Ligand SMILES: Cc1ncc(COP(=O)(O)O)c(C=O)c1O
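In structure tokens, one chain follows: the form predicted alone.
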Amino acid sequence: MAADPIRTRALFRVFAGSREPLPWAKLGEFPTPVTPFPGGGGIPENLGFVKRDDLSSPVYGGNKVRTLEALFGAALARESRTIIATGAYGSNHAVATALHAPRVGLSARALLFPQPVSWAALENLRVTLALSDAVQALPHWSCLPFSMWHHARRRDLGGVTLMPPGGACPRGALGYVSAAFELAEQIEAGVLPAPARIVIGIGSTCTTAGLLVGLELAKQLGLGFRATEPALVAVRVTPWPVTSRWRILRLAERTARLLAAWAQDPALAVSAGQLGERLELDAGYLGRGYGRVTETGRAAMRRWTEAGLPQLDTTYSAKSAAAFLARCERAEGPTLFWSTKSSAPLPGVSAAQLSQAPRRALRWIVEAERNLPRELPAGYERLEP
């Protein structure tokens, strides 16, 4: 009999003896590979590595695939028919939900608020509007809490699961607890040396919180990190207080408690104090704020392309990649960059597919197309003002 594809996730391998079921949906292809970053240009050979979560799915990859496996599994277990993503117009979480939810029989919806203009945000928004069953375009982020409260109480959608921005909740963070165990297994297998630090962009905090828990438990279990306790360098792409230290560690601690309850092992409930010892927050690459382009990010994008790695985006991955390159140049030991932006091409969207989209979102798209300092790509259908 073939192995259950869900039970091949690293989380279930590490806790193979757990008696309690943990609902999970299969969306991604794991483990994702690790690529050495080419030496030269100020970076010593064999000191930089890239964890390729951009390849987590040919449908749409990136970090949200792991998060959605846990959240979709929970939604299906409670017999929800509708899953609702929340976030900014260019949310990777929302576009991942629109593309992956139909694969497991869920209806995808989204509650979105405006953000600064960028090509990544424009592409994501067009796909989210075209492929979601419904999108509510909010006038401002401050309107999100009430809209979430209202949608959570709707009875006409056949059972609703409402996800916080980025899926930042303990259940969603379990996807990256599993990812940390996966990395530890790759270190055991000799794929890469145990890194002294891991660099990742932090937006909603879900990925960072899950990694904090997984890295700490892998160390305690003697898996991969026997002699090394890697620092987790979280590079802010969203500002305080969204990425406050307290908020990250609080989510990580709640995630550890959920894991301990599932595995029936109180020792797994590591404290925020323990988890905080390996967390380093870096606000030096945020620039003027979320979604704002930085020159250091642009430079990182050029170096990434020259290295033969997939293109970065200005909102998320370029800023964290700039931090990674700076640390590699200081040659302070093996450094791993966690690639969280999907490299799978997004499906094309015609103007006709957007005809029923909310007017507020369409006005944002028209303004973005007018102001972005680059020609529209081949095959792109501009909206009429």
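Residues carry their position along the shown sequence, with the first being 1. Keep in mind it's a predicted model, so treat the numbers as computed, not measured.
Just so you know, the form predicted in complex with the ligand exists too; it's not on screen, but the next bit is about it.
4.5 Å heavy atom contact, residue 202 and the ligand in the predicted bound form: Residue 202: yes, in contact with the ligand in the predicted bound form.
- prompt: Even though the ligand is not shown here, does residue 341 get within 4.5 Å of it in the predicted bound form, heavy atoms only?
  reply: Yes, contact at 4.5 Å.
task: With heavy atoms only and a cut-off of 4.5 Å, decide whether residue 92 touches the ligand in the predicted bound form.
output: Residue 92: contacts the ligand in the predicted bound form.
- prompt: According to a 4.5 angstroms non-hydrogen atom cut-off, is residue 316 in contact with the ligand in the predicted bound form?
  reply: Residue 316 belongs to the contact set for the ligand.
- request: Given that the partner is absent here, state which listed stretch (62-70, 321-329, 42-50, 27-35) has heavy atoms within 4.5 Å of the ligand in the predicted bound form.
  value: Selected range: 62-70.
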